[in-house]
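Next up: just one chain, as structure tokens, the form predicted on its own.
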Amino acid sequence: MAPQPHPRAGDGRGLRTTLSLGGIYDKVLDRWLTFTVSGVRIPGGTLVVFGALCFLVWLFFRTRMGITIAAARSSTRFARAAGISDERTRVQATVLSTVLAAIGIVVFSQSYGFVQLYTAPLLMAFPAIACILIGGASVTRATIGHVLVGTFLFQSILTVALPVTSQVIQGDISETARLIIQNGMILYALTRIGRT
């Protein structure tokens, strides 16, 4: 029997932590409804999906289930007095946030062109928390407006801060700098919560 050749790197065997989406759904939303403003390409499809999801969440919190979740979140005693099951609303809120996170990671993956299987779901929560806190949300109250303002501010700060950090510190520390800036924003926003 002839000896089998050793598998080469990149031939599809073994454990992979990152999968390329080329030819599958790479940049599908980014290419859909794309327009250019002053030479800058704007991914219209991604913005439309983001806006539609924001509207659906806003609409959901106008329904009976959304109002019960909001009531249970604001005051547990009031929710119990009104006959709202605290455990049930926690399960509903967890399911809703998990579904939104799953949609968000799919949109994120198509925009970047790859799926990160192990670290992305673990690290996904910190940018979301930083965005909503820097947007002015508190522990007891968060709105779609906080999400929109926070996302704009967070991405603007990262866009400006990373090139400056790379110039000050010679070498490529973009990932480390991103984590430091992101966690610093979370700490800053949490220290401001008690003063509002």
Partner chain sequence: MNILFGMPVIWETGGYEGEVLLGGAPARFHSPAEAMDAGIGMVHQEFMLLPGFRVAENIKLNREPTRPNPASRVLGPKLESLDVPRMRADARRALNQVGLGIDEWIAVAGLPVGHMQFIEIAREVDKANLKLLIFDEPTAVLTETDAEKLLAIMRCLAAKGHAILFITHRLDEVLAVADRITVLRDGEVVGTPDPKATTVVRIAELMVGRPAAVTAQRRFFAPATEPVLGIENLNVDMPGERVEDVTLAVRRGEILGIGGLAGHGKLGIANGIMGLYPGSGRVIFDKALLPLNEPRLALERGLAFVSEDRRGVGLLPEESIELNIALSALEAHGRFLHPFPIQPLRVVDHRAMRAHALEMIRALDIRTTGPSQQVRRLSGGNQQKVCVARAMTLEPRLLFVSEPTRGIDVGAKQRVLEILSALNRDHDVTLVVTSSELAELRAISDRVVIVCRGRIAAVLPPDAPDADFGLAMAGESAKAA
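Residue numbers count along the first chain shown, from 1. All values reported here derive from a predicted model rather than from experimental measurement.
Omitted from view is the form predicted together with its partner chain, to which the following refers.
Residue contact with its partner chain in the predicted complex: residue 99 places no heavy atom within 4.5 Å of it.
The closest heavy atom approach of residue 74 to its partner chain in the predicted complex falls within 4.5 Å. When contacts are judged by a 4.5 Å heavy atom cut-off, residue 148 does not count as touching its partner chain in the predicted complex. Using a 4.5 Å cutoff between non-hydrogen atoms, residue 106 does not count as a contact of its partner chain in the predicted complex. Heavy atoms within 4.5 Å of its partner chain in the predicted complex are found in one stretch of 31 to 39, 59 to 67, 148 to 156, 130 to 138, which is 59 to 67. This chain lacks the partner; the member of 117, 82, 125, 91 within 4.5 angstroms of its partner chain in the predicted complex by a non-hydrogen atom is 82. For the partner-free chain shown, nothing in 39 to 54 comes within 4.5 angstroms of its partner chain in the predicted complex, judged by any non-hydrogen atom.
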